[in-house]
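Form predicted on its own, single chain, as structure tokens, below.
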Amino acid sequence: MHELVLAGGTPFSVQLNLLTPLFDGIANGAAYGLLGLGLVLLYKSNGIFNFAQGEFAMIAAIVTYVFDSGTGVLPNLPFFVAALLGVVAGVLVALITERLVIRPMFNRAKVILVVGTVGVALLLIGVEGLLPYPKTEQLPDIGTVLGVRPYVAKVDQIPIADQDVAKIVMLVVLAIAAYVFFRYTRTGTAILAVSQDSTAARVVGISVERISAISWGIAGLLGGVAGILLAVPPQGTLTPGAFTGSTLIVAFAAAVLGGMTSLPGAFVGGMGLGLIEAFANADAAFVPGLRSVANGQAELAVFVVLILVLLVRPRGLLGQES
């Protein structure tokens, strides 16, 4: 800590070490962006908010854990093999959701589909609670898996964790891949066409059912990768519903902030909210208004910024007009 001397000459202690909240904010923002990508994808393809996205992530994390640790009669597999099975499980759950819940109601009002995803989330949370595995366990971080030190480097004596770097790299890779997919592939273009007018898309020969299944499968893939990266120490946990009750809510806010029609918006919105939370927690004592809030400074800061952005630019920072 240092001192900042104001114009009046009075010393004022501040959080001069900007690196800690900066690193924390980027890492948390990457987590929000990972889930946000899946949310934006399904909004672009089906025009709905998917409240089950957090449970796609949790299912993938649980499957990874039980195969990595050899729970019960299951074999003890190498971590990356277990992680692959976890991602496959996330994709399968998403495909089953699309086939049994979304497709039969595809032509119903969008609000009906949204309520359907809420029901799926509640069902999956209940199933997770019945599964015979330790509910408070965590997955090993990438440093532990690879048998290396838990940080890539230190900047001003502050470690940059391997897991945080993995989150950021994966978010960037998936965001670029999703952008290229929608911009340059026929399937990506078909998904956008179905989202605009499914009847017209069907008339020109696009299989709406096939496109819907592909969209949900990709969302399950994104959720699975996110779950495996997030269910690690210190905050991560395999508790049923943990991602839906915490991370998914902020991921929704991040997607709305960045623009629900923009895949890069999920990246920008996630990073933005992660940094806002981190700096609000670190510097709340020095910000008028936040100073008097005993708890929830980060939540209040996120709320204020989100409301201001939506009042000025309702479609989000990078979103396009519908």
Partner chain sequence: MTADASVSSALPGRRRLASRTVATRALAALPLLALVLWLPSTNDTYGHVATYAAIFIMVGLSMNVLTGYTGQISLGHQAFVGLGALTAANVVKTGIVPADPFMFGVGMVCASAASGVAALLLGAVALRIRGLYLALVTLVFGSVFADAIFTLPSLNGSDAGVSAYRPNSLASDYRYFLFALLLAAGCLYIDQRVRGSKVGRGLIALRENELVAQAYGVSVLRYKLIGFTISGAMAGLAGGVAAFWSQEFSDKNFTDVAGFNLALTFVVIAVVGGLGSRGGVVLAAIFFALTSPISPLLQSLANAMHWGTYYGNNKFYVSNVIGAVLLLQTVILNPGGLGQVLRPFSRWFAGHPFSLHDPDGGDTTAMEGGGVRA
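Residue numbers count along the first chain shown, from 1. Bear in mind the structure is a predicted one, so any value in this text is a computation, not a measurement.
Keep in mind the form predicted together with its partner chain is missing from the figure; the text below concerns it.
inquiry  = Looking at 24-32, 66-74, 263-271, 39-47, which stretch has residues with any non-hydrogen atom within 4.5 Å of its partner chain in the model of the complex?
reply    = It is the stretch 39-47.
ask   = Using 4.5 Å between non-hydrogen atoms, is Arg108 touching its partner chain in the model of the complex?
value = Arg108 belongs to the contact set for its partner chain.
query = Do Ala278 and its partner chain come within 4.5 Å of each other in the model of the complex, heavy atoms counted?
reply = No, Ala278 stays farther than 4.5 Å from its partner chain in the model of the complex.
query = Given that the partner is absent here, does Gln163 sit within 4.5 Å of its partner chain in the model of the complex, heavy atoms only?
reply = Outside the cut-off, so no.
message = Just checking whether Pro104 would be counted as a contact of its partner chain in the model of the complex - the rule being heavy atoms within 4.5 angstroms.
response = Close contact exists here: in the model of the complex, Pro104 approaches its partner chain to within 4.5 Å, heavy atoms only.
ask   = If you check Val145, Ile168, Ile214, Ile249 against its partner chain in the model of the complex, which one has a heavy atom within 4.5 Å?
value = None of the others qualify; the residue that does is Ile249.
task = Report the residue, out of Leu221, Leu92, Val115, Leu84, that has at least one non-hydrogen atom within 4.5 angstroms of its partner chain in the model of the complex.
result = Only one option qualifies, and that one is Val115.
query = Taking its partner chain in the model of the complex, which residues of 115-135 have any heavy atom within 4.5 Å of it?
reply = Contacts from 115-135: Val115, Gly116, Val118, Gly119, Val120, Leu122, Leu123, Ile125, Gly126, Val127, Gly129, Leu130, Lys135.
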